[in-house]
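Only one chain is included here, represented as structure tokens and corresponding to the form predicted on its own.
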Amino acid sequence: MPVDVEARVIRNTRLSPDYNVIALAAPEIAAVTRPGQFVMVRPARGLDPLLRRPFSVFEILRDEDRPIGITILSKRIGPTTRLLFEAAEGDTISCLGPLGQPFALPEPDAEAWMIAGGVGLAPFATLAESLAARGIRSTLFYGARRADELFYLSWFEQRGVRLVLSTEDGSAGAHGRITVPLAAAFQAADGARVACYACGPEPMLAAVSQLAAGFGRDVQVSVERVMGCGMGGCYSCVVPMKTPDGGHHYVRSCISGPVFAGSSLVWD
């Protein structure tokens, strides 16, 4: 069951003029969070913002082996993310979680590919650590608009994750979107056992899912949806899921997801 805590800000690390990672003292949440799950946060006690907003759990913070908190990766684009960007050590943030369905981990004899676009990096720190603990080789395919929006590269490298980068302006890695090097990797994999995970803007998830299907593979996608409650009560986060008769129905991403098989969703 999720828990609702008033989490103290441990630190606020600004990665750029718009991106930051905020660390929260929330041991109750950290102890039970699984890769791919999220929290609903509200950084103010007034009426703005009125509702909490969803954020993937980025890192599990530990004191030796004891979970003491979590971090969330945020980009300043609205009232909630502005307040998170401006938060100071010692501030209190309402935090409800963990919520949602986690990623399914592969068997130890498989390889894992994590495919991230922008802040879609967020669920992959916890996943990378879980994969490493199982002895599973992993690769992070990470795309952004430009080089200065590629974060935590050394963090992943220190944990044995191979990096494949792309930028739309060509300033780092391959020139273009992350599907460019990903397509080459699928071509080269040729039947190897690979578990694929993706998170990022919905057009990217659609492109990755369709690309994987073209090579006879599926991908676990973590969808990004605006959520009012995070617990299935408001129906603000529905996504279309395929039905056996060729139609579709709507499911709530906060409780049926946010992780889905890419092949199960309607992308058009």
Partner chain sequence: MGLTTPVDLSVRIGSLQLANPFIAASGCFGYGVEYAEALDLSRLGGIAVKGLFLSERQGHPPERIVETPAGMLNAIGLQGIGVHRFIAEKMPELRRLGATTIVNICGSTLDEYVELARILSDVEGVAALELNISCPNIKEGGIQFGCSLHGTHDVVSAVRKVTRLPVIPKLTPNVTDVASFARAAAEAGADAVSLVNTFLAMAIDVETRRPRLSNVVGGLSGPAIRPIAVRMVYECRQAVTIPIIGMGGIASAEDALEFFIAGATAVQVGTANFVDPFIWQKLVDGLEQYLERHAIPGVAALVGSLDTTPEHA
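Keep in mind the model is a prediction, meaning the values are calculated, not measured. Positions refer to the first chain, counted from 1.
What follows is about the form predicted in complex with its partner chain, which we do not show.
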The single option of 223, 51, 213, 68 touching its partner chain in the model of the complex, heavy atom within 4.5 Å
51
Okay, which stretch from 54-62, 228-236, 22-30, 215-223 lines its partner chain in the model of the complex, with non-hydrogen atoms inside 4.5 Å?
228-236
Proximity of residue 10 to its partner chain in the model of the complex, heavy atoms at 4.5 Å
no
Against its partner chain in the model of the complex, would residue 14 count as a contact residue? Criterion: heavy atoms within 4.5 Å.
no
Does residue 262 reach its partner chain in the model of the complex if we count a contact as any heavy atom within 4.5 Å?
no
Check whether residue 34 has any heavy atom within 4.5 Å of a heavy atom of its partner chain in the model of the complex, and answer yes or no.
no
Is it the case that 93, 133 and 159 all touch its partner chain in the model of the complex, with a non-hydrogen atom of each within 4.5 angstroms?
no
Quick one: name the residues from 248-262 with any non-hydrogen atom within 4.5 angstroms of its partner chain in the model of the complex.
248, 249, 250, 252, 255
